[in-house]
Structure formats: structure tokens, C-alpha cells
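The form predicted on its own is given below as one chain in C-alpha cells.
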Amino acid sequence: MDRELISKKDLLELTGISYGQLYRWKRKQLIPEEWFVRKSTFTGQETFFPKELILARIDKIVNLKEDLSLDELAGKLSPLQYETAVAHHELVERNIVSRLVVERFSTRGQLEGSESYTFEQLLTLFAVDRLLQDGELGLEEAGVLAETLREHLPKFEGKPCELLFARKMGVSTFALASAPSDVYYDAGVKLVVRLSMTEIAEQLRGKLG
């Protein structure tokens, strides 16, 4: 799951913001720390960002900062939180989540249409759908992932975290870890996916408009 990156220099030139603004927004947690990616280049260490996500976030900050304080913006842009409620029938109609995932991994109350989906519930289904469509996991593994997210994602209380999906001798395991963090496995473990839940949340926000 490669993503297109943009260098800090190109980002500042493209958006017209200053170095000071960028790092002030970082300190205020308007831009997740995990989006600041340090990479080695022929000139030394440089900072890069996931291009699509950082451009969308800066556009949102610029458009909202005249009406909201930076602290208010930080609450509004909290990584894994978003004020929304989506009815069951809207998920497929609006192409937010595939019909297979909605029918197989929604809770009974949601399937019966007795409640709307919160952003956290949508994020679970959206992450499962993303990995299924990318061919990273099978349906049985998807069920385990859905349960893992439902049980442990609320414990992060909206803070950045990463999803780790690994296999050893054909046995799958899932974990959620605070981001950024260093994780080490023994030699027999294959890390299949390391996914930023913040990035998944940003993609979901885009779908919700």
C-alpha cells in the first residue's frame, strides 16, 4: 500500500504556508506527528508527508482558521473522532462501505436499522473494507479484525494509532499500537500490513464529505 509523498520544501511552495505555520500547527496537533516522515536522500535527512492527506488537511485548516481558534480546530480535527451519524442504508448508497462488509460485519441493531453508525463504528467497517478490497486478508480474518477494532479502538480515545496485521506459519494476528511506535517481531513473523488509522480516518472523512 504505497502512498505518494511530498517533500516539506515542495509542500511549503505549493501551499504558500510558512515553515513556522507548519510546525505551529503540528504543536497544536492540527497535523498528526506521524505524517512527518523522515527519509534519507542524497542531501541527507529530509521530511516528507503523505501528499493527499497533508494537502487536504492544510486546505481545511486554512479555510477554517478564520472562524475557529487553533484549539477549537484541534478538537474538530482530532485524528479518530468526527461528529457524524450515518444510517444503515446510506453506507452502500453513498459508496462508503461495500455491501458485503455492511451485511457481514455490521452489528445486529445496525442491520435492523434501529440505530445509526457513529464515526468509530464506520471506521471499523471502512478499515475492514479497505483491506478486503486490497486483497490483504480473507473473510475469516476480516471478522477477527472487526472484533479487534471494536474492542480496542475506543481505548485510544481519539489519539493516533496504527493497525498491525501479521502472520506466522499461516496464523494471523492483529494488534493496535500507539503511533508513532517501534514494534519488533521474531524472525518467523511476516508483517502483512502496518496501517495508520489516522490515514484511514482521513479517507473516511473524505467519503463522508
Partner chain sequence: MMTETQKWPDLKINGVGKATGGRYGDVLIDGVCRVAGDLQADRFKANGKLKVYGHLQAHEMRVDGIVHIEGGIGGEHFVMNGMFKATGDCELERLEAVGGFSTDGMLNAGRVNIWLQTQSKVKEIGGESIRVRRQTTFRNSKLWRWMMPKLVPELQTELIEGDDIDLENTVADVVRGNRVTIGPGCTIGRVEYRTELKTHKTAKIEKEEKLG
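The term rigid core refers to the maximal set of C-alpha atoms that superpose within 1.5 Å between the two forms. Numbering follows the first chain given and starts at 1. Just so it is clear, the structure is predicted and the values come from calculations on it, not from any experiment.
Form predicted together with the partner chain: not shown, discussed below.
- For the options 39, 168, 155, 27, the residue carrying a heavy atom within 4.5 angstroms of the partner chain in the model of the complex is 27.
- Residue contact check for residue 20: one or more of its heavy atoms lie within 4.5 Å of the partner chain in the model of the complex.
- When the partner chain is considered in the model of the complex, residue 12 lines it closely, a heavy atom lying within 4.5 Å.
- The partner chain in the model of the complex is approached by residue 8, whose closest heavy atom lies within 4.5 angstroms of it.
- Contact annotation for residue 147: none of its heavy atoms lies within 4.5 Å of the partner chain in the model of the complex.
- Note that among 27-35, 53-61, 137-145, 171-179, the stretch whose heavy atoms approach the partner chain to within 4.5 Å in the model of the complex is 27-35.
- Fitting the two forms on the rigid core leaves the C-alpha of residue 145 displaced by under 2 angstroms between this form and the one not shown.
- Once you line up the core between this form and the one not shown, the Cα of residue 185 stays within less than 2 Å of where it was.
- Relative to the superposed core, residue 167 shifts its CA atom by less than 2 Å between this form and the one not shown.
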